[in-house]
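Just one chain is shown here, as C-alpha cells, and it is the form predicted on its own.
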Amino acid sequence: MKNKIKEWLKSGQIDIFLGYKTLQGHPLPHAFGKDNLEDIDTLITGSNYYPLEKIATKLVAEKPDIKIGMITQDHSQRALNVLYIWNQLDPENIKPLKGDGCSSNLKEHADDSHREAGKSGQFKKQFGMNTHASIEEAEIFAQQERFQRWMYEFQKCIKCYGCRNICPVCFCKQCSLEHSNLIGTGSLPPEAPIYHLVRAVHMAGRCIDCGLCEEACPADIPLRLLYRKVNAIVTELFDYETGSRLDQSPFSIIGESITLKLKPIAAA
C-alpha cells in the first residue's frame, strides 16, 4: 500500500494523499506529499474515525483541480458518492485506497445488529430513546410517549456543533444552524427541538449512517436513529438509496408530500 502511494505521488497521479499519522501518541489526519516520500512510511493504514472526505471537500473548495488520494473505510464510498453527485468532489480527481478497517469506536456505533433485533423492546430506556434500537422498536410507543422521549433527548443538546462539524457530507457554505433568525446563535442550550429537526431534514437523502455524529456527541443523543428515520422516509417516497450509486440526481426535500411525512418526526 505504501509503495503504491509513493508511486501515485511520484507519477503525478495524485498531488497529496490523505491518511493518518501518529502525533503525540494519537492518530490524526495527515496530508502526505511528494516532497517527502519517506514520510509515507509513517502512514497508519488502519482507518480512523476522522472523516477524510470532509477534509478533501475543503481542500477542493480552495483548489478545485487538486488530485487527492485517501485512505477509505467501509462507509467512505457512500460518503464519496454523495459528494460526487452534489458536485463537491470530482471522481476523476479522487483515488481511494481501502484501509485495514474501522476504528474500534466507529465499529461499535456502526454495528448493524439493531436491524435484526425486531420488535422485542429490549432496547427500551426509562426516559429517552436508545441508539441501538431499530426504527420499528422506536415506534412501538404511543405518539405522546415518543414525543416525550425525543424531547428528553433533544433537551440534552449543548449546541457544540460536533455532529455537524464531523459529518463527512455536511458541506453547505452557509449553515442554517447558525442562522440567527432560526436557531439563535447566542442562546444556550438551543430551543428544543428546532436545532435537531432542522439538521434531520438536511440529513434526509444525505446521511450515510457512518455513526460519526453520535461518536462526537458529548450528550449521547441517538442521532443515527433520527437520521435513519428520515432516510427511510426518503427511500419510501422517492426510492432514493443514499450514497448507493452515482446515477442519482442530488436529492432535496421539495413538495407537500415529504412535509406531511415529516410531521410525525416532530411528534416522535
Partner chain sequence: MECKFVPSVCSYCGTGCGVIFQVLDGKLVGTLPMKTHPVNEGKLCIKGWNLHEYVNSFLRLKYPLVKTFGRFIKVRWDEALQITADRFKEIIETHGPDSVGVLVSAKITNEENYLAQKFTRAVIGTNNVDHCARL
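Small disclaimer: the values here were computed from a predicted structure and weren't measured. Residue numbers count along the first chain shown, from 1.
Beyond the structure shown, there is the form predicted together with the partner chain, which is absent from this document and is the topic of what follows.
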| item | value |
| --- | --- |
| Whether H30, E62 and E215 all lie within 4.5 angstroms of the partner chain in the predicted complex by heavy atom | yes |
| One stretch from 169-177, 129-137, 81-89, 153-161 that, in the predicted complex, holds residues within 4.5 Å of the partner chain by heavy atom | 153-161 |
| Distance check, I14 to the partner chain in the predicted complex, heavy atom within 4.5 Å | no |
| Partner proximity in the predicted complex: L23 to the partner chain, non-hydrogen atom cutoff 4.5 Å | yes |
| 4.5 Å heavy atom contact, E236 to the partner chain in the predicted complex | no |
| 4.5 Å heavy atom contact, N165 and the partner chain in the predicted complex | yes |
